[in-house]
Ligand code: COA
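This document starts with one chain, in the form predicted on its own, laid out as structure tokens.
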Amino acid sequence: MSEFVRVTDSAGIREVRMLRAEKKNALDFAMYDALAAALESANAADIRCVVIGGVPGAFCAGNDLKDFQTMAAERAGLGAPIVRFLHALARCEKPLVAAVQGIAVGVGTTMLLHCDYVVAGSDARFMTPFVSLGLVPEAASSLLAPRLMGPRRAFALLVMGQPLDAQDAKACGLANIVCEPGAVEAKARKAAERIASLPPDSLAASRRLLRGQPEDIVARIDEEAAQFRTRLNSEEAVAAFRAFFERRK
């Protein structure tokens, strides 16, 4: 488990919170495993809804780029904890609500495509700089984003790396509502309580109809992961990461 992921259950609602504030909730392998475990165990627990949140100013800054360097050096592609988390998102049987404040970068944005309801603070900023790093989209975003927002908006976000502010995210369907940052947690909890109050069997059946077969999403996750592994060891990615870390010196 990870000290940077807190899981609490209350009244049928599981809250999963990322707490690595000093790194803006950049995810390391231990955090991925803890997030995956929280989603996997929710399937078998008396949980009616799961809320995923971060900290003020940072929902999730994406993957810890030092792990990318390690994966590239070991020619391992996406690490097993990352793939486990992505599969857990796709196979989660309980409704997912996200409470987004501040930055949501990379997987911080793409995980939202698996959520059923997203509350965004007016300070939220969404960005997926995969291609600029010599990589490809992940988390089945190449499948889910075009479905949600259309191929042109998906191309601008996932390939061109054009950021979205909170209102942009709402306009393209990535967020349901936008509110003041200080109200995000309460709004997300209220949505979760509303979902948890619905007849559970009808809710589950309706959600399955809306989402389609999870194995189709898992198959795209695995296809992207294979491409990611190839790209992570490419000259383009090596140069992009070298430039990134040199700028941070």
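The numbering used is simple: start at 1 and walk along the sequence shown. What you see is a predicted model; the values in this text were computed from it and never measured.
One more form of this protein, predicted together with the ligand, exists but is not displayed; see below.
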I have 36, 39 and 87 flagged as a candidate spot, so tell me whether each of them has a non-hydrogen atom within 4.5 Å of the ligand in the predicted bound form. no
Using heavy atoms and a 4.5 Å limit, would one call residue 106 a contact residue for the ligand in the predicted bound form? yes
Contact flag, residue 62 vs the ligand in the predicted bound form, heavy atom cut 4.5 Å: yes
Does the ligand get within 4.5 angstroms of any non-hydrogen atom of residue 83 in the predicted bound form? no
Should residue 231 be counted as a contact of the ligand in the predicted bound form, where contact means heavy atoms within 4.5 Å? no
Tell me, please, which stretch of 196-204, 183-191, 213-221, 54-62 lies within 4.5 angstroms of the ligand in the predicted bound form when heavy atoms are compared? 54-62
Counting any non-hydrogen atom inside 4.5 Å, which residue from 133, 144, 172, 179 sits next to the ligand in the predicted bound form? 133
Could you list the residues in 11-30 that come within 4.5 Å of the ligand in the predicted bound form, counting only heavy atoms and keeping sequence order? 22, 23, 24, 26
